[in-house]
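Heads up, the chain below is alone and in the form predicted alone; it's given as structure tokens.
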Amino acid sequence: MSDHLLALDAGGTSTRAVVLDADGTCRGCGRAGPGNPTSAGTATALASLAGAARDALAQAGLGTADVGGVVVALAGGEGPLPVAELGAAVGYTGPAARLRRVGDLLAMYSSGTAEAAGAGLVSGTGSVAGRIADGDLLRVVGGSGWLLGDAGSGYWTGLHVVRAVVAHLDGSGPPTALTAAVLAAEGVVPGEEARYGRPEHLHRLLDALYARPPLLLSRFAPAAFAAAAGPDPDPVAAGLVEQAGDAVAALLRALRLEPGTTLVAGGSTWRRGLTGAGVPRSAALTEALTGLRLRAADDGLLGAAVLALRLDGPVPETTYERVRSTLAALRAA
């Protein structure tokens, strides 16, 4: 059996892959488009997984036959992509027992620490938090998807941005600087024309928004964080950002974490929004983080690599550090 392992972290925005040796030395990296089947569709997700794996193997000078184990980190349950299909997408032909799908939360946690117990938080396109014990998930809160949950996520924030803009345009809500940003992003020019009792540009905006999958509303979240930052924040945007922080705080409170617990947090909404430069942090989120040992993780690729190594047993601290340092070197290059 080959000693080479393949680890992938499939997110709503991009898919990342790394090939590593059994001693934790990372040999090649790859990157492709969105890999979450819920937001991108099954065909796109499988193509992204295949592309990222292909590039990682090429950089390592290896082929699919050289891979003796695969771990794919992906949000949600098995859903539309059974683990066998994930393996087929990346060309894996080894034993089924060495092909594993893990949640993005566990991968994110393992990207931030080698500790076997702690807590993880992901706030990206979606949101989820959980407690980890013995290197595996013990309890999960949130993560119920765009229709039933994901409060405080990029999708949730983007949804509330467009709701605020629509309310402004039809007169049921206060004016907001978010309106100009959303109209410009959709290529809708405001005007004086009206149709069926509404501004014509509101009709065009609604048509554009409903023509796309709901999860793509997450692209409007950065507008809220930008408008809430600085010395003269937009009141509507600031209120949305505070609500997003409060929602994430509720996830953490539900975990009932002991003081001193290590919390690994990551995701694009967390890094660039809720804790971004100049963005005010909600009082509830500040309180929820008090007493915790907060660590950041950019994504779940390092954790997916560590979890691939765990196919063969525990991962010592020295091996964890080798994965971290060699992966960082590959990415820097």
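Predicted, not measured: the structure shown is a model, and the values here were computed from it. Numbers for residues come from their place in the sequence shown, where the first is 1.
Just so it is clear, the following notes concern the form predicted together with another copy of the chain, a form of the same protein that is not shown.
This chain appears without its partner; in the model of the complex, the one residue of V140, A114, A177, A238 with a heavy atom within 4.5 Å of another copy of the chain is V140. Of the candidates L257, A181, A229, L209, L209 is the one whose heavy atoms come within 4.5 Å of another copy of the chain in the model of the complex; the others do not. Only one of 87-95, 200-208, 257-265, 115-123 lies within 4.5 Å of another copy of the chain in the model of the complex by heavy atoms, and it is 200-208. Contact annotation: V188 falls outside 4.5 Å of another copy of the chain in the model of the complex, judged by heavy atom distances.
Proximity of R101 to another copy of the chain in the model of the complex falls within the 4.5 Å heavy atom cutoff. At the 4.5 Å threshold, heavy atoms of P82 stay clear of another copy of the chain in the model of the complex, well away from it. Mapping the unseen interface onto this chain, L217 counts among the residues with a heavy atom inside 4.5 Å of another copy of the chain in the model of the complex. Along 124-154, a non-hydrogen atom within 4.5 Å of another copy of the chain in the model of the complex is carried by L137, L138, R139, V140, V141, G142, G143, S144, G145, W146, L147, L148, G149, D150, A151, in order along the sequence.
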